[in-house]
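The data below hold one chain only, encoded as structure tokens and taken in the form predicted on its own.
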């Protein structure tokens, strides 16, 4: 299977000299097309900084990041605009993402403006809502307070899908949701992989979620990528002490793995 994204020793350092913080110390990995990869680690591990490097929201300090064979750490502004159509993100807080006075239709209309053909834009909106389990007529006129947290997060995924991205990055996209709603959103991501062939990168502190949804797992600790491999390999045969510590915090994981890891 071809690699959509290749990171080679990608780095990010904030500050200089004694005050320098090495948030990502040199990560090398690949995201295969049509798969889900989870980046796992506790707060301060560097996983969200890595996500922002992939999204082009931060300049890298060193290394390369190839997307479809092209180094995207050195894009011009116009090239970045095109890149951001191919790589879309869904972030942590579905509540702050909404203007409380906007309807869902007005929210999605912002993405529609980026699509020149208005008929196509409308078709994409209806298509994207369908992919996340909505009938357009049921939600377009609703305001945020009329939707659950899980529904709002699915709307945010639909907004990203309107651009028909090659890569969807979900940064702690379920951390503010109840357990049942988390599973709902994770199942949407799995459906996107299975039905659309979308490549998905999930940033999470929850190794249990990573096992449930991802084929591949990358484990980060204090800026270092300490372990990577298939979810089964990482969970059943962890090599690094930090990975073993994360697994120890989820005591039921091994017993449930037959259902969780595919």
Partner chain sequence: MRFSGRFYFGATLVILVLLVGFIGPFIVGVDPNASIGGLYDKPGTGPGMQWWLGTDNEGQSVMSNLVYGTRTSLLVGLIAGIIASSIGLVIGLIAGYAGGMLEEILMGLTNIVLAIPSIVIVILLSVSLPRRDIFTLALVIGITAWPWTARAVRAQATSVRTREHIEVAKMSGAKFWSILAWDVLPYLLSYVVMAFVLQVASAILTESSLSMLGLGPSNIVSIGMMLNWALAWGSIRVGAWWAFIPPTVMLTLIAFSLYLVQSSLDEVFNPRLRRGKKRKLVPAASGGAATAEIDEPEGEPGASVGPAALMSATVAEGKDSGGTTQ
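Source: prediction; values computed, not measured. Numbering follows the first chain given and starts at 1. The term rigid core refers to the maximal set of C-alpha atoms that superpose within 1.5 Å between the two forms.
There is another form of the same protein, the form predicted in complex with the partner chain; it is not shown, and what comes next is about it.
I need the one stretch from 128 to 136, 67 to 75, 108 to 116, 188 to 196 whose residues put non-hydrogen atoms within 4.5 angstroms of the partner chain in the predicted bound form. Selected stretch: 108 to 116.
Thinking of 55, 102 and 156 as the candidate spot, does the partner chain come within 4.5 Å of a heavy atom on all of them in the predicted bound form? Yes: 55, 102 and 156 each sit within 4.5 Å of the partner chain in the predicted bound form.
The partner chain contact in the predicted bound form: residue 93, any heavy atom under 4.5 Å: Yes, residue 93 lies within 4.5 Å of the partner chain in the predicted bound form.
Even though the partner chain is not shown here, does residue 140 get within 4.5 Å of it in the predicted bound form, heavy atoms only? Contact check for residue 140: no, nothing within 4.5 Å of the partner chain in the predicted bound form.
Evaluate residue 88 for contact with the partner chain in the predicted bound form, applying a 4.5 angstroms cut-off between non-hydrogen atoms, and reply yes or no. Flag for residue 88 set to yes.
Flag for residue 16, CA shift 2 Å or larger between the shown form and the other one after aligning core: Yes, the C-alpha moves 2 Å or more.
How about residue 147 - superposed on the rigid core, does its CA move between the shown form and the other one by 2 Å or more? The answer is yes; the displacement is at least 2 Å.
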